Ligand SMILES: Nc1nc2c(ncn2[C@@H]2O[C@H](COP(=O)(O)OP(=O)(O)OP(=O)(O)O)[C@@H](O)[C@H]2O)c(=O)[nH]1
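Below sits a lone chain in structure tokens, taken as the form predicted alone.
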């Protein structure tokens, strides 16, 4: 059965086995949080601030409209947040797999087309030239050298043991092994009061847009924090998502200390009885040491405010970036302790094989995938669905 939103969230009292929870890391005494002594606004003030940005502190710098992401509605147009129950029903329909297959169309046409040609000539599992050709196809689809080597070795061994001589049987075996490699603890841990989710990733991977989509499906009350204080229009963009979803937004002026924003947001969430706090962060290149150090500081500030937080650290990866996404995952996991990956832009020229490389080489589960700009295009990750969409017949 396809994974659905109904069984995606793990609440208090449910089995925690297999879920990743970030460990608490104390903030060094020498660290100072700019303005951390400022009074935290109550829920009513936060809601007012969402409507009027200047209420959160100094006025937010006027954004260049051209820099606001396309995900935002046109000026003057207010889009209604989708009904949660209706969205759930949409997600569980057969249409989701169709959207996923369509999103991976370019990957499939390349991978499956070549794979079909190889399978048509497959007769003997001891044919080394055939396995070399399969390796080339998988590496070209961004599965990666190490993961490809492991996958092909397993396929060859089982094909020999089962005396497989049919191309279609071998395809089914590939889907089975790929799904097994992709399996992981997908549930999102929201069992804490409040649950703090930190969103991280490089520029352009869709962190803020994903927050706006995810908040539609979260049970209980959600709050957003505009921790991206440097990108033009980032604060405004999150405030617009807050307006569309009814979630209060904690924000400061552009250029403010991101750790101070996180501090204020955690205090506000505790004070106002919020169920889930989603903290946006500035997009940063994984190669920039100073920016990664800032992210580490934000994480430790959150841990000081609430033991065990952040409870989830979700990394957004643009599925069109291929092996660069693997390098991003490695670095962010080292710095922030990533608990789950969100693959975005699967509706573009997606290189879907990167999912296998991330699952196998990083060991971090993929929790969500996005195949479009609408809220219903975000969906809990299902290993078998993904493997079938990537390697199944055209």
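All figures in this text were calculated on a predicted structure; none of them were measured in a lab. Numbering follows the first chain given and starts at 1.
Missing here is the form predicted together with this ligand; even so, the following discussion is about that form.
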So, a 4.5 angstroms cut-off on heavy atom distances: do all three of 203, 207 and 372 pass it with respect to this ligand in the model of the complex? yes
Task: is_contact(residue 237, this ligand) in the model of the complex, heavy atom dist at most 4.5 Å - done: yes
| task | Give a yes or no for residue 194: in the model of the complex, does one of its heavy atoms lie within 4.5 Å of a heavy atom belonging to this ligand? | result | no
Taking the shortest heavy atom distance, is residue 144 within 4.5 Å of this ligand in the model of the complex?
no
- Message: How about residue 367 - does it come within 4.5 Å of this ligand in the model of the complex, if we only consider non-hydrogen atoms?
- Response: no
Which of 299-307, 166-174, 265-273, 225-233 lies within 4.5 Å of this ligand in the model of the complex, heavy atoms considered? The stretch 225-233
In sequence order, the residues of 329-345 that place a heavy atom within 4.5 Å of this ligand in the model of the complex are 344, 345
